[in-house]
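Taken one at a time, structure 1 and structure 2 that follow are two forms of one protein chain, written as structure tokens.
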Structure 1
């Protein structure tokens, strides 16, 4: 079995309740129909029930009738969720009147369902921007205990199987934190290593990337990565983490040996941690497009419950896989 088949099989073995706030979006409906037919998760679609019914008839999606459908404007827990939201955002000055309006937004509703124990995870972003998907999750679900930073990892399935674990590498942060400081970057590294252990099931070898390898360049930006490496090792002494490394020193055995002799990571990294979001986001898209790699994610890490974002260019297949990954994360909780 390959990794994705393993993830789907695990999801089927303990079905989680996954909420899809974009319940009238075409690719979401096609993915939902297949997920229900394959019994990967118990799906909750948010949207106008008659619109969902008519779309599923139009697209010939017979399994959608087995999803739970929640009308964001009119459902039995609307007042309960508004009170929950107003309570959570009281210190920010939110009134119950404001909360009553906000709970009609499916992206807020999905997070409130999770917070209230009515769902186990959420996937959105086929229609909405990353910021709009993340903001309610950060405000309502918040970070897991002991973690201060949410970040986004991509599972990269590279054509050349000599890299990473049979061609699988994990890249982060590619989605959330525009400019992490050293402490935040260290937390991102540790969270990405944990995601790698949990989802890919291999020992992470974490490269903290820079334009410098072991002091080859002197610059404040390289210093940030050196400091992040030091903090990450302190936070997780059990993990193999090394930096600062250039990408070739991290990935290519001969370059790793010559530029960073004795490193437990150089030349064999399977986790690449980028110094900021510009690098991470650009890098994953270049590897995906120019290197023909499959990119699955972002898998959000550090949240108290799993909420995952899609790219607006996502396919039906991407949504299907992200629901299975989200279900795996929910099971781990």
Structure 2
């Protein structure tokens, strides 16, 4: 069984309530029909019930009728969610009247459902920008205890099985934080390790990447990674985290032994934490395109409950896989 099959099997074993705020979007509906048929998750579709029914008939999606369908404009918990939102945003001056309008936004409604205990996770982004998906999540669900930043990890399935865990590596941050400081970078490392535990199901070996290995170069950029490594070890002493390491020292056993002897991570890393978004985003796309690797994500991490963002160019298969991943995150929460 490969990792994705394992992730789907785990989701089936403990079905989570995953809300899809873009409930009338075509790819979302096709993915939802498959997910329901395969019993991967208990799905909640947000959208006009008549429109969803009409589209499911038009596209011949017989399983959509088994989803929970929530009309964002008219449902029994609208007042309850509005009061919850107004309470959460009271310090920002939000009134009940304003909240009653905002809760009709499916992205806000999905997050309020999670906050209220009526859903376990959310997938959106097929129609909406990352900013639109993240804004209500940060306002309502907020970050996990001890974490102040949200970041994005990619599961990288590499052709060469000698790297990572049978060719599986986790890259971060590749999606959210442009230039994290040392503390933020440390939190990204810890969050990525927890993602690796929850989704890949292996012990994370986290390499804090730089152009320097153990003082081989002197520069403020390397100093940031050194400091981030120190903070990460303090935040999570149970994790294997080491740095600063060059990419070859992190991945190649002979290079790791030579450049960082005695390191618990060098030469056998399965989690690569990049010093900034520029490096992370470029790296995952180069590995994906030139190395013919499969990249699944971004898996948003650092939230108090799982909310994941899709690319607006996503496929039905992407949505299917991300729902299964989101369910695995929710199980760990």
Ligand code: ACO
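The structure displayed is predicted, hence computed values, not measured ones. By rigid core we mean the largest C-alpha set that fits within 1.5 Å across both forms. Numbering follows the first chain given and starts at 1.
Give me a 1 or a 2 for the form predicted on its own.
Only structure 2 fits here, because that chain is the form predicted on its own.
For the rigid parts turning against each other between structures 1 and 2, mark which of 189, 209, 301, 70 is sitting at the hinge.
That leaves 301 as the hinge residue.
Roughly speaking in whole degrees, what is the angle the smaller rigid part turns by between structures 1 and 2?
Interdomain rotation between structures 1 and 2, rounded to whole degrees: 14 degrees.
So with the rigid core superposed, the C-alpha of residue 242 shifts by how many Å between structures 1 and 2?
Spelling it out: core superposed, C-alpha of residue 242 shifted, distance 3.4 Å.
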